[in-house]
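So this first bit is one chain, no partners, the form predicted alone, shown in structure tokens.
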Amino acid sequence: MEREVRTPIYDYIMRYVRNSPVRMHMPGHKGHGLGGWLATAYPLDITEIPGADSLYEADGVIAESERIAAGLFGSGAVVYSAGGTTLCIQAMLTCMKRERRMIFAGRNAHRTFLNACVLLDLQVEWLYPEDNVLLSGVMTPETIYQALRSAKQPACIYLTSPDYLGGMADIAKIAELCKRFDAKLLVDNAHGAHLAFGPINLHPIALGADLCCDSYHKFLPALTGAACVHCANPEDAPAVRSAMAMFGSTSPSYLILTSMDLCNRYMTNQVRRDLAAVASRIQRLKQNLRQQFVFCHGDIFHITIHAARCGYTGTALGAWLMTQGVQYEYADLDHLILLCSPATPLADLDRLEQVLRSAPFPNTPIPTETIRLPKPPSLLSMRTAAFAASEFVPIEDAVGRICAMTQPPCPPAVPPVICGERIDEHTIVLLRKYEISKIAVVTL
């Protein structure tokens, strides 16, 4: 039996539309679309009029919806973002700067993290993954322990988990270490909003994180741009909200906010049932295809194929899938990533298994070179390098130069070099591997 769930943002907008007021306010479309499939969205697209609340000063329908979300996830407080996890990461790091905390971060951070460090002029002590995989970056508790033990001031740990391949850090143990050293734990959980609703709650907040951000839209049925910051301590929410206002649009999308509101209803009544059914079908798919494909371990909704071990390149396998009507998430020489969610139709997984089963299978693994992640020295701060005069040069001419712009192969991934670091021969090898032919360097 479905539970009745308040959807305050959606309910307000529907009342507004039914009342058919004369719209003497923004947006300029005045509730009338330009035809086509988007026509029904225009009447629902409003701005911060009286009664609709205001995202960065929420005390009405948005605040009520956030309280419902916090209850569903078990968070102390939730702060919505209509600017994706980009805005959430900017807000979390702003809070750490206000607290004057030293930042230790997994090197596989999203480009958004790097850009926020540039804007906030933050210095970062990088934590490197031990698996030497550019798209992965699982940090061990021992790595975290050594970092925190070396800290000369209050610190925070910033991790991306799940990572792009689906790998997951031991958040519970790392959270215990952070509490022992009076450090804050921040988690980019953009790929893990669904983790709160499995048989075991693996959401970072449930495991002890202080702050984390979720992309509603990546693994839940919400519109692109829907995200939130979870606060373990509800007293942190005002600081997060004020930090968001420094970076976010003053006209956040009510369509995005409404999709989160409706997603709360979905999470209340349906997500656990859907999650169990889809997870079971994915597990069966992997089991049925285990002789043909090597699947990476991690979050079940990341179907990550180690293509090279199966005789393919990821890009070739991905291109072939597209000819069969399957659009993949990401591919490189080694991996192919297919992303699912609790809302994935089971029929789509039936079709995916059928297509994968028919893939031409060479049976000869492609040798993969061992990657040694470079640890280039930092000669300038990220901010100084990013705002310095720069020029694009062929990567072969960049040896010895200072990187002006970060060059990650795909976010979130381990960038071979970031702003302010010196480029060396090993960096060039990795850039070439990801078909990056030019790079921005500081003009001296």
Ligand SMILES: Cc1ncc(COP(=O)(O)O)c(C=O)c1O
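A quick note: this is a predicted structure, and the numbers were derived from the prediction, not measured. In this text, residue numbers run from 1 along the sequence as written.
There is another form of this protein, the form predicted together with the ligand, and it is not shown here; the text below is about that form.
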{"query": "4.5 Å heavy atom contact with the ligand in the model of the complex for all of His110, Tyr164 and Lys218", "finding": "yes"}
{"query": "In the model of the complex, Thr86 touching the ligand (heavy atom, 4.5 Å)", "finding": "yes"}
{"query": "His230 within 4.5 Å of the ligand in the model of the complex, heavy atoms", "finding": "no"}
{"query": "Distance check, Leu93 to the ligand in the model of the complex, heavy atom within 4.5 Å", "finding": "no"}
{"query": "In the model of the complex, Leu257 touching the ligand (heavy atom, 4.5 Å)", "finding": "no"}
{"query": "Candidate stretches 270-278, 239-247, 93-101, 187-195, one within 4.5 Å of the ligand in the model of the complex by heavy atom", "finding": "187-195"}
